[in-house]
Every structure is written in structure tokens, then in C-alpha cells.
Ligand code: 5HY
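As a starting point, one isolated chain is supplied in C-alpha cells, in the form predicted on its own.
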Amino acid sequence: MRIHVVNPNSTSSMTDKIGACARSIASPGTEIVATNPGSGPASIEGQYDEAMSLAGLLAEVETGERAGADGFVVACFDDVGLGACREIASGPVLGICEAAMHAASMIATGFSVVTTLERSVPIVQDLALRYGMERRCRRVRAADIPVLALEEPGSNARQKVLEEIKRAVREDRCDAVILGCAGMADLTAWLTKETGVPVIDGVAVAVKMVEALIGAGLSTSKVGAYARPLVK
């Protein structure tokens, strides 16, 4: 099967990291195609960036659909444009926040999310409500680092994320922690080892869930809200 992982921002080095994470977890025989738009915001930090990223994201999904992708992962924790992507995709489309929260609910009684900047906190809180996870989500925290700092050597971003996770475990009494940015994907194993709690990367779990949905013969419903866009 072929899974197309789309990074909605235009930073190719982050896409490379996301693609490597997806390939490391994918089953034998699963082809991972990881792409990003050629233009648009370099990072997605707020609702303006989300809106500016949508055209490029949809173009990447349309390209993947024409190329025969069996399923898609939208690799931005804000889960931008999921509904629109599902209208144009035949196979399942998962967002990494959606996937991570459902995974956390299966292995822990409560979880916290550690994201990048404070401005992302209300966006993630709204997603928790949308997914029915408000009772499981103990808190959404910000490590106070710009997304692109995760790409910069010497930024101390890794340590800030680690310290925020430790505070989450201590203060929120959570049983698991979700990483609230696709750019943190490569830190998962190290953070789990350092903190002793399951640290969940949405890219990895979204890839495995898409594999499972495809393997079960499930595709996106074209009756109702996810019907193909009307021709105008």
C-alpha cells in the first residue's frame, strides 16, 4: 500500500524528518511518500498560518490521489483542512492530533499535550473538544519554542520539551504525553526513556492507523459530508 504523508508547511527539512519517522514505523510493503507544498508558511503557528497553508495542502492531496495513494496523513498537529482533504481523497485521511488523542485514550486514563507556542494551546483545546477527548485531556501545555527552533542546532528546544513533559507528569498527573508538533517526531523514543511515561508522536500512530484502516478495507465515505466537491 502507499501512504502519502503531507506536511502542510513549506519547510522541506521538517518533511524529511517526518518522512523518516513514518518509514521507520511503517510495515514492510508500505510505501511512504512524504511531501510539502512548494510555497506557503514555513511553519504553522496560529489560525492565519493554517488558512494560508490550505491551498498547498489540498494540492498535495490531489496530487497524491491522482498518483494512486491508498491513504493520507496530514502531518500538522492543528489537523488543518481534514474535512476538505477527506472530500477529495478516496482512502482514509487522518490528522496527527486526532490519531494521537485516540491512541492515548487507549493506553492511559488521562493525557497532556506538550506543544510549541502558547498561541497553539486554544487550538489544541478546541480539537480535544471536537474529538470528544475533553475528559481525557488533562492539560495542553506550551514549551515556549517556535516550531522552526526544533530544526536549529543549539536551540535547546529538546531540553525545553523534556522539562515541560516532566512538569506535565508531576503537576497534571497524566499517564501519557502527546507531542503537539510533527517537528518533534524524532524525539519520541528519547523522551519516553527520559520521562518513564508513554510519549506519543502523532505521525507514527497516524501511519499505523491508516495502515489498519486500509487493511480492513475501509475508505472515506462519499455519502454525506465527505462527498466529492460539487462541480461548479
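A quick note: this is a predicted structure, and the numbers were derived from the prediction, not measured. Residue numbers here begin at 1 and follow the sequence given.
The form predicted together with the ligand exists for this protein as well; it is not shown, and the discussion that follows is about that form.
- Taking the partner from the other structure, the ligand in the predicted bound form has a heavy atom within 4.5 Å of a heavy atom of residue 77.
- Contact check for residue 112: no non-hydrogen atom falls within 4.5 Å of the ligand in the predicted bound form.
- At the 4.5 Å threshold, heavy atoms of residue 147 reach the ligand in the predicted bound form.
- Within this chain, residue 44 lines the site of the ligand in the predicted bound form, having a heavy atom no more than 4.5 Å away.
- Figure note: of the listed segments 174-182, 161-169, 63-71, 190-198, the one touching the ligand in the predicted bound form, with heavy atoms no more than 4.5 Å away, is 174-182.
- Residues from 107-132 that approach the ligand in the predicted bound form with a non-hydrogen atom closer than or equal to 4.5 Å are 115, 116, 120, in the order they occur in the chain.
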